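First comes one chain, alone, set out as structure tokens in the form predicted on its own.
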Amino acid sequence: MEILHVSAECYPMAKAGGLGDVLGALPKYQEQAGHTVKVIIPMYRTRYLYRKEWELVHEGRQQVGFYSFSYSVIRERSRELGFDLYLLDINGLLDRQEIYGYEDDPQRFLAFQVSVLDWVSQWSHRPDVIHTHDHHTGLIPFMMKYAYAFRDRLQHIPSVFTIHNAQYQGWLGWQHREWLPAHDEWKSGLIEWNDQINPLAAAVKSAWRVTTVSPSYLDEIRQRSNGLEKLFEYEKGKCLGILNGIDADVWNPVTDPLLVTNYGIETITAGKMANKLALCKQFGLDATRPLIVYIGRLVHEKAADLLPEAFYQCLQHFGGRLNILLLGSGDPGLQTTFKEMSNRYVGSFSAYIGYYEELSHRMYAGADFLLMPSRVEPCGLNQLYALRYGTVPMVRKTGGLRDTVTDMGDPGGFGICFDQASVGDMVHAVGRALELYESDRVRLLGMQEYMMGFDHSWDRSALQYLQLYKSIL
């Protein structure tokens, strides 16, 4: 098969979260399974862009409403990612350093989608499947079927849409309807939900198949999906939950070049301690204490607003018995709070505000425990990275966290789980972690060795996607 993935992110070219990691790994594993895989994303002005060689493969012209523009498509020459990576550029819209956060984001991503379809419709052949991801590409399945400029060439190509996070839906007011290319007006109901243009809802209605990034998240969005609950209940027959994997080549403590010391199951104790010593030295922490880390965005869905009080209570209740290290960015108020806490609790708490890929690898390797108290976690990759590096995940039982972590109190358990995204539950989980670290190091080592033996690579999940494609061809 020939598969085209369309996304807003792809690591290492552009990454804001798990979406980028998925698009940097899934296509590689599908290519290794014997298929031709292409990925196209916007041409942001990131460091990766300027470090690689590219070739121009297409130029075209399109418009969004009354705004007419030229676009170009380039391809990375070396194929170092294991698949063909394409970038689409539109001067004035996509030539930005950041992926998201601009007032004209709706217009930017609509122009990207229209241009992608214009490019594909001019191919001398057709891809077997077009796989789109999240609301930034959610109007593509609709336009493939019903936009006059594209439907003759594209309406018979199967489309798959993956929901990485249903909380963000790309809403547009009806006054922006003129931005859409001319289409069959009788089908306008497919792009509407709750009196707005809703790209995520449009994709769920229009795509041939819809997937979520974990089975539990598919169940949850029928109960809690920011207003789309009835839609997911109605469309459940064409929906499937496929658990994300991780790139086992990138996330491998045996070979990871970003670590101070590499290690495997047989050398886990010495390897993790070497990385922990370096990490604690860097941030002024005591390596004899257990190290608890948080890695992620500082946003409501991650329950980051609860972290300051939870950390304060832990530092007060447990005194000098633990270290806490945070890596993340997001809410400006939270960023300021964590900087202040770093100054107040010197030697016990530290925070790095921002995105730092190398540091995240070293934190997974050097930490004893990873905290993930998420209110919403469609799949979660951080806990899978933690397992790979022998770091015990402390997670709230939701979405993919429920699917991938079993509490140490249950048969075969290897993690610490809690029910509510609350300060009390987090503090209790930290207490359990301290007791394990201080009183039962033999059991802790057994849990670490056990979890490092798991296979959470993309092999199985990539096969499930391939089987899904074949079922609709």
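Position 1 is the first residue in the sequence shown; the rest follow in order. Remember, predicted model here, so these are calculated numbers, not experimental data.
This next part talks about the form predicted together with ligand GLC, which is not shown.
Only one listed stretch (112 to 120, 142 to 150, 370 to 378, 252 to 260) carries heavy atoms within 4.5 Å of ligand GLC in the predicted bound form, and that stretch is 370 to 378. Scanning V22, M13, M451, A462 against ligand GLC in the predicted bound form with a 4.5 Å heavy atom cut-off leaves one residue, V22. Out of the listed residues K205, H135, R396, H164, H164 is the one that sits within 4.5 Å of ligand GLC in the predicted bound form by at least one heavy atom.
In the predicted bound form, no heavy atom of I292 sits within 4.5 Å of ligand GLC.
Put simply, E301 is close to ligand GLC in the predicted bound form: some heavy atom of it is within 4.5 Å. Using a 4.5 Å cutoff between non-hydrogen atoms, S225 does not count as a contact of ligand GLC in the predicted bound form. Using a 4.5 angstroms limit between non-hydrogen atoms, I191 is distant from ligand GLC in the predicted bound form.
Each of G18, V213 and N244 places at least one heavy atom within 4.5 Å of ligand GLC in the predicted bound form.
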